[in-house]
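Quick setup: one chain, the form predicted on its own, written in structure tokens, and binding and motion questions come after.
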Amino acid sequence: MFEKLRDRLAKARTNPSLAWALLKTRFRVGPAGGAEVADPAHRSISDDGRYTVFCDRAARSTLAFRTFRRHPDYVPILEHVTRELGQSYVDVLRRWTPHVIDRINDFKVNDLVGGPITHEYEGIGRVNPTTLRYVKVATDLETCFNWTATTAVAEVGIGYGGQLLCADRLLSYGTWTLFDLPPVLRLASRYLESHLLQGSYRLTTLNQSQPASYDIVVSNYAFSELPAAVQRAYLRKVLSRAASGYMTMNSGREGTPFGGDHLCLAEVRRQLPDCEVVEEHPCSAPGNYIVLWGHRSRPQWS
């Protein structure tokens, strides 16, 4: 428990909006919950139990769903990207993928549901900075991989499905498999069913899934925040069976925000021997990096 608290504080140290959200959660009256994750040792370090309980409530309650993306139990996990980091994503998009900036309104659909906090950005109007992160990752995926024959994509740690929704506006794929905990999957289903997708998706937990092959696997920080035992299970059942992958990491090597019970980068490389490491850009926290494998090229900014 001390290690998880330490890691959450480390993550918040460079992010004032996250620090404020964590304070509001810490002193808010109400149950911590976590009934569906019986063993706290299997939780992501970002989850103190409130997150999954709130996901379940937002999936079932119209009132909670309406503004779930600004709730204090949700913001520290998914909606803590600062306005300033959002501007950095805009700058990268403008420089390297202007065709996406020209279509920015196509991606703003991600801000129509859940009541997210938005900011005004010059030349593109109001948009949520987490949405800008998802758009930037989608452009990395477009650059790094061959999408002409991609039929099976997997995502480890899915939030509310925003990465899928933004990627769906840019990329061609068959089925996008979403891996997470049951309450998170329920919320993501409600969210995605509020939109119309070009591709299709399916929901599963790690325990429910049979080992399968994927063309590409994606994870935005989520894999790196899992305890080592869960990481090893994902490596065995999902990651090592994927021809290609893109994972943003905030643990595993010296200088990253999270220490404690996570696989070191050397062990990840042993399981994914053909992977390459590039530095995250823009950098959301000191030491963050991206693990790539099966890619045809690096991101344009690297």
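The structure presented is a predicted model; accordingly, all values stated were derived computationally and were not measured. Don't overthink the numbering: it's just position in the shown sequence, from 1.
Separately, the form predicted together with a small molecule exists; it is not shown, and the next lines address it.
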If we define contact as a non-hydrogen atom of the residue within 4.5 angstroms of the partner, is Tyr246 a contact of the small molecule in the predicted complex? no
Whether Gly159 contacts the small molecule in the predicted complex should be assessed with a 4.5 Å heavy atom distance threshold; does it? yes
Non-hydrogen atom contact Tyr234 with the small molecule in the predicted complex at 4.5 angstroms: yes
Find out whether any non-hydrogen atom of Leu85 is located within 4.5 angstroms of the small molecule in the predicted complex, and reply yes or no. no
Heavy atom within 4.5 Å of the small molecule in the predicted complex - the one residue of Leu164, Leu132, Val153, Val184 that qualifies: Val184
Quick one: of Leu93, Ala222, Ala188, Val113, which gets a non-hydrogen atom within 4.5 angstroms of the small molecule in the predicted complex? Ala222
If contact means any heavy atom within 4.5 Å, which of 226-234, 191-199, 103-111, 116-124 contacts the small molecule in the predicted complex? 226-234
